[in-house]
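Single chain ahead, by itself, as C-alpha cells, in the form predicted on its own.
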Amino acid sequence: MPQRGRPRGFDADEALERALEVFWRQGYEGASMSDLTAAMGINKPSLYAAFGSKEELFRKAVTRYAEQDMEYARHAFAQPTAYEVVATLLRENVLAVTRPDRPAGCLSIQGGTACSSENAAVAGFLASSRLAGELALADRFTRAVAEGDLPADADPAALARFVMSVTEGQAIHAAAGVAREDLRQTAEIALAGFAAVSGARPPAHVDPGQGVS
C-alpha cells in the first residue's frame, strides 16, 4: 500500500531526479515549491510526506548528485599518480559540466553559492561539501608525497585548493555558456601549471596534451 499522501505509482527516485534538475537550473532559492511539485508530479503534502522539508529535499538531491554526477571524481582519485589524478579530474570535469543531457555547470555551485540569511544553512551545507572534496584531494596529494610521486616540499593543501578553484571556475563558465572546447583549453593550461608548480610529471606512456574524448 502506498504511503499516505503519495500518489499511486509514486517513484521516489524519479521524483528526486526531477527535483535535482530544478535545483540545478534555478538554485535553491529560485526553485519554488510550485516548480518542484510540478516537476515531480506530486502535490505539497506528498512532497513533505516523501522527503520532508524543501531543505531536506535539496540535501537529498545534492547527495544523489554526488553519487551519480560526481562519479568522475572518484575515478580521478583512483588514478596511480598525482599527475593522472589531476589530468583525469580536470578533463572529465569539462565533460561533466557541459553534458548535453544535464543543465550546464555544477549543482554544488549553482544550488546556493549565495543565499539569504534565512537560508544560510543551505549555503553552508554546499560550502562544506565542496571543502570536503578539497580536503580529500589534499589527502591524495599527501599520499603522493609519502610515496615519492610528488616532491617532499610539495604543499598538498595549496595544490588541492588550486585544482578545486579551477574546476569550480570551469563550472561557472560552463553555466554562462562557454563552449566545451574552450574549457578543455583552460583545463590543459591548468594541468601544465599544476605540473610546473608541483613537480608532477606525466607517465612516460601518456601524451601531456591528450584530452578525454
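Just count from 1 along the sequence shown to find any residue number. On a predicted model such as this, the values are computed, not experimentally measured, just so you know.
Keep in mind that the form predicted in complex with another copy of the chain is missing from the display, and what follows is about it.
- Think of it this way: in the predicted complex, another copy of the chain has a heavy atom of just one of 56, 67, 147, 155 within 4.5 Å, and the residue is 155.
- Heavy atoms within 4.5 Å of another copy of the chain in the predicted complex belong, among the stretches 95-103, 123-131, 136-144, 75-83, to residues of 123-131.
- Although the partner is absent from this view, residue 18 stays clear of another copy of the chain in the predicted complex, with no non-hydrogen atom inside 4.5 angstroms.
- Residue 48 falls outside the set of residues with a heavy atom inside 4.5 Å of another copy of the chain in the predicted complex.
- In the predicted complex, another copy of the chain sits beyond 4.5 Å of every heavy atom of residue 62.
- At the 4.5 Å threshold, heavy atoms of residue 204 stay clear of another copy of the chain in the predicted complex, well away from it.
- If you take 142-166 and check each residue for a heavy atom within 4.5 Å of another copy of the chain in the predicted complex, you get 153, 154, 155, 158, 159, 161, 162, 164, 165, 166, in sequence order.
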